[in-house]
Ligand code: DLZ
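Single chain ahead, written as structure tokens, the form predicted on its own.
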Amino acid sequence: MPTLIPILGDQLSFHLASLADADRADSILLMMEVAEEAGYVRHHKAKIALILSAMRHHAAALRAAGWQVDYIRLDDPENSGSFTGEVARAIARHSPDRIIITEPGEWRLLAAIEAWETLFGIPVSIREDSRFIASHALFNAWADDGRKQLRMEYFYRLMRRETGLLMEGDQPAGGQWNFDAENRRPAREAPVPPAQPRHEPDAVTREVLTLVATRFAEHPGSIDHFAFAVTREQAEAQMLWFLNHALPGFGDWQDAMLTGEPFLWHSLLSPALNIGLIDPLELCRAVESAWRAGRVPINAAEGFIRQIIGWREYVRGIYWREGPHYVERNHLHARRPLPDFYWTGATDLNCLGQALRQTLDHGYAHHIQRLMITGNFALIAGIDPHALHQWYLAIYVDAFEWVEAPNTIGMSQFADGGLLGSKPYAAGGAYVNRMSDYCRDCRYDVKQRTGPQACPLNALYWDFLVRNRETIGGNPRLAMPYRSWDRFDGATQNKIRNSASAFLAKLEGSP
């Protein structure tokens, strides 16, 4: 009797834990395109297309490597529409004596898989996902080591020592752990960014795009610009392009935002990383090699590696440690509904419009656009963090809950009360003006605080601080802005609060 090995849509790797000791002759790899996963949130069309195309390509690669693959397509008339339903049908077809599966990236799916053994009456082995550098045990041992706060910077140092990346013996290369202070050059100084390569859709991808356009016509976003890597070979080509063309400028300009430039010096490798086409440690070692060969500066190499072995591994550890109810946290009691323009891009705030329309076009925005444009607006406007979480999960092609939820609930919205971030990442228009050219063509004046032409972010920023003072006023990292607020005279304070209230009233009444 064979072993049934289900492979999920973000597990497109030959190096899965569930395959480690599998016998090709006596294993059935089950890959399933199911409507339940495509629709449990309104996923961007490009996200659905990416996963389906990459799955179909990976199934072909597995077959070519000698594996037996039972592949269920979305348009199969017998498709039950759920993972559990398709596992049940596969058991009826193949009569396996056991199921082995690599753990999923969401609590929701883990709960379903944990019920299979009872439901189907055969052993089910759930193996830890070995594609990550930090095991659950390693992260929890670090977190439980008498720490008052679980700060990423200290976890990152552990990861540097564990991997040996950018280390000289037991000391960090370059004499310091973090070069982030050198990675914030303003947009007005930025040179012309390199042109990203396009991975033109082949026959498999074109078939998927047609399916998505037909079956998911009501989902947000466009697939007209689809050119993401959907195979291991394309992902490797994307990685080589990044190392040779964009990485040298990544450090200096990673926080910059420019009109009409959705990709800038970013790698566009996060989708490939998160679905398994690229190994994170392999990528980081290639970045380190580029630095050691003198092809890129250390601030670029360190900044990129920190995002992978530091931030990416850290948020995964937080997600699994904190449990399935983490996404429901709302420390600041924000209740305002998510504005419709998050789904349409129809707003007269140019910074938001630029980031949202780019997101709808490509299913992509880089980390500063997510944190300091779409996230910052939601934070200072008091948007329900769970609604924003569901939007981020749906709208970005690289969004899976293990990585998206801590970034949204913790880093972006401070809804976990500071477990992840040391302060709310709130800002007015000055930050956007410094790091982008968006304010140049906006109908609002970024230098005005109140009045009909004033940038709404300015009043919203101060209003956010005042209305949440009881909750966050004691945060030492916010002492300076609170002192600034207290120096305003009463009339100025009233004007700011009234401007914010008028904008928020209009926001709630927007069509």
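Note that the coordinates shown come from a computational prediction; the quantities given were computed from them, not determined experimentally. Each residue number is its position in the shown sequence, starting from 1.
Form predicted in complex with the ligand: not shown, discussed below.
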Discussion item. Against the ligand in the model of the complex, would G105 count as a contact residue? Criterion: heavy atoms within 4.5 Å.
Written reply: yes
Item to complete: Answer yes if any heavy atom of L8 is within 4.5 Å of a heavy atom of the ligand in the model of the complex; otherwise answer no.
Response: yes
Worksheet item: Counting only non-hydrogen atoms and a 4.5 angstroms cut-off, does C455 reach the ligand in the model of the complex?
Response: no
Discussion item. Within 4.5 Å, heavy atoms only: does V34 come near the ligand in the model of the complex?
Written reply: yes
Worksheet item: Among the candidate residues F139, Y342, W291, F83, which is the single one with a non-hydrogen atom no more than 4.5 Å from the ligand in the model of the complex?
Response: F83
Practice prompt. Name the single residue among L109, I298, A430, A227 that comes within 4.5 Å of the ligand in the model of the complex, judging by heavy atoms.
Written response: L109
Worksheet item: Based on heavy atom distances of at most 4.5 Å to the ligand in the model of the complex, which listed stretch, 56 to 64, 480 to 488, 455 to 463, 34 to 42, is the contact stretch?
Response: 34 to 42
Worksheet item: So which residues in 198 to 216, when you check the ligand in the model of the complex, have a heavy atom no farther than 4.5 Å from it?
Response: none
